[in-house]
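A lone chain, given as structure tokens: the form predicted alone.
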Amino acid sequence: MLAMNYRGPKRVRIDNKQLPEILHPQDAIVRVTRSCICGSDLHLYNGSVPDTRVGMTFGHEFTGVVEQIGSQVQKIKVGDKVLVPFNIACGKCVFCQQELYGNCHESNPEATAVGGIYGYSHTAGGYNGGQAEYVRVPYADVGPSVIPDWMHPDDAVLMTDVVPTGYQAAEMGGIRKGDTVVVFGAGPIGIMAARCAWLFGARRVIVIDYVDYRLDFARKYAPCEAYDFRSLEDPVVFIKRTTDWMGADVCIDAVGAEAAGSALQTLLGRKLLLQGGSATALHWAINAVKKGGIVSIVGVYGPIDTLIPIGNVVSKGLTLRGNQASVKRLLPRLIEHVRTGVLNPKALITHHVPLEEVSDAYRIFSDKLDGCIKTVLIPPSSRN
């Protein structure tokens, strides 16, 4: 089969790889119909995530058709069109029972924190992902959800990560009616978080980034105020000033390890790889939120230490909340939001690219070319 193949930092290509096989009676094999390149894939692509091994196939956002099932699979059948959450979850452990599917205790033997994730290095279990023609799906009675007949395929693939993560970013912020919410990062997750902030009652939503076309897109899609931090003397001072020197009620870090804006953080976290990423956005969020406020973190950082102002967290009495989105928990309400038109996920997609051109797709997305917001890869069998 054709599959994306990681060859080292900034080096991906399309290759022929062996078809996946049923390895456990709870497995399924899914023929991929759509997969996405995620902003967090760029952390892998740029070499920021430890134990990203040569030969791995990325891709934790995908939909497909069930081609084969293991002997114990009962809830899906061959021929079903499914969306597959990026969380690999057993459904039975103590954390899955709490609907913390991103923290499954059984799906990732490599860590005690995050659960398994498709195509996200061996720190997340070492599973190959969906930027391929076929993928093995463990715990097939838990993760995959049959796509409603009325749902557009582009909406369905964004329900595997972008929509749930953006929604949970707003949910973890504890947003209340009348709140001012600041989102750092105008990638697909940040834009979706800004859009979802209104659903929880926000009075004002501000997005901070530095890419002009992304800021323009956020203003139209969210809708929100959007500012280029390069035009601000200091983003924290700006947010304080525009909130009567109180600070935002909620700040959301939707950037993570690749944040720009601080030479020191860039050097330590992106160039020398001495910490789990450049924590510039998290710095700004902690310092710009009001006393007693909430910082919601969905930006991905590596597992090693990261330099943040923890003293300010304590002194200001802040609450920090972060996690991988529990996609399975959120899907019923989010599917309803799509059905009623409250959310329009597919409008985030700017590029449909043949899977064979995955290398160019990564370069365009990474270098922020051609107005790229969200890229969907289409395998050959889904273009017929």
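What you see is a predicted model, and the numbers here were worked out from it, not measured in a lab. We number the residues from 1 along the sequence you see.
Below: the form predicted together with a small molecule, not depicted.
Stretch-level contact check against the small molecule in the predicted bound form with heavy atoms at 4.5 Å: of 150 to 158, 70 to 78, 133 to 141, 248 to 256, the positive one is 248 to 256. Using a 4.5 angstroms heavy atom cutoff to the small molecule in the predicted bound form, all of 43, 189 and 323 count as contacting.
Contact check for residue 84: no non-hydrogen atom falls within 4.5 Å of the small molecule in the predicted bound form. Within this chain, residue 214 lines the site of the small molecule in the predicted bound form, having a heavy atom no more than 4.5 Å away. Among residues of the shown chain, residue 284 is one whose heavy atoms approach the small molecule to within 4.5 Å in the predicted bound form. At the 4.5 Å threshold, heavy atoms of residue 218 stay clear of the small molecule in the predicted bound form, well away from it. Of the listed positions (238, 210, 200, 95), a single one reaches within 4.5 angstroms of the small molecule by any non-hydrogen atom in the predicted bound form, namely 210. Distance criterion of 4.5 Å from any heavy atom to the small molecule in the predicted bound form singles out 299 from the list 119, 299, 277, 173.
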